[in-house]
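Here you get one chain, nothing else, as structure tokens; it is the form predicted on its own.
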Amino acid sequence: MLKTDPIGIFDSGVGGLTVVKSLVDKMPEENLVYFGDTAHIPYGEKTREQLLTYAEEIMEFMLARGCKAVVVACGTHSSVTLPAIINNYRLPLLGVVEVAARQAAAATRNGRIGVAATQATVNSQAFTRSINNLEEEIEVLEIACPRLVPLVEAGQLTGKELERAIKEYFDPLLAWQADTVILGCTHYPFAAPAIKRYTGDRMNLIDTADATINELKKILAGRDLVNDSGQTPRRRFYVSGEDTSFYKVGRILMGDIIDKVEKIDISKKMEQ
């Protein structure tokens, strides 16, 4: 394993680009491989068995690309499949649940933490378990937000439809008086400005991307794997399904960091 080997990041679509943005900001010399599993989006409606199949295929893809570490930049995979596969690989494999739990537990003042996530993540109760493992007296309310991912994937970060969805999902959290809310899907931080406009100062929103990259940096430094070559970084973006909309929305969200998106069937084209 070399310092110049890439870092792998994957999600169901554009949501994991929040983690890419943090990586580029905090570790700008790192090479990266991003995979958006757009053929199977949304993940929130998938079974555990389906998600495990996707995760294993994506990990094989990342290993074939020589990744030195992989960030599971997806709340659903982090909560449902990561616990089942994490011991199958020798390279560092990070999710977003534990990081978010630590941040939220430290941030709450009234002991009430909300979680906005996909249905599959809510069903797993992974955030609740992780938070209560840290502080068992903290109360947790998890809310499924199925309309937010399609809206972000479509680049609809403003407008009446997004506002209606935010009201539907965040009103119960406000009524319950959650003072801290984890954005438990990496798509949701792209809608954070609109969420914040609605909730105001009544709750603290936890975006896990920065904390995840901070943790990754510590792990790589401990293994002497931080890229300090001074070379221009190589950043490659792949999707399993629709690539045109990913490119358009990705450029809206990330600018010219994304210059090309490659569509690939990872279940059949591992050699490419």
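Computed from a prediction, not measured in an experiment: that's the story for all the values here. When you see a residue number, it is the position in the sequence shown, counting from 1.
Just so you know, the form predicted in complex with D-glutamic acid (DGL) exists too; it's not on screen, but the next bit is about it.
The partner is not drawn, yet in the predicted bound form one stretch among 225-233, 22-30, 39-47, 52-60 has residues with heavy atoms inside 4.5 Å of D-glutamic acid (DGL): 39-47. With a 4.5 Å cutoff on heavy atoms, V115 does not count as touching D-glutamic acid (DGL) in the predicted bound form; it lies far away. Proximity of V71 to D-glutamic acid (DGL) in the predicted bound form: non-hydrogen atoms within 4.5 Å are absent; the residue sits far from the partner.
Proximity of C185 to D-glutamic acid (DGL) in the predicted bound form falls within the 4.5 Å heavy atom cutoff. At least one heavy atom of V149 is located within 4.5 Å of D-glutamic acid (DGL) in the predicted bound form. Interface residues of 52-82, taken as those with a heavy atom within 4.5 Å of D-glutamic acid (DGL) in the predicted bound form (partner not displayed): C74, G75, T76, in sequence order.
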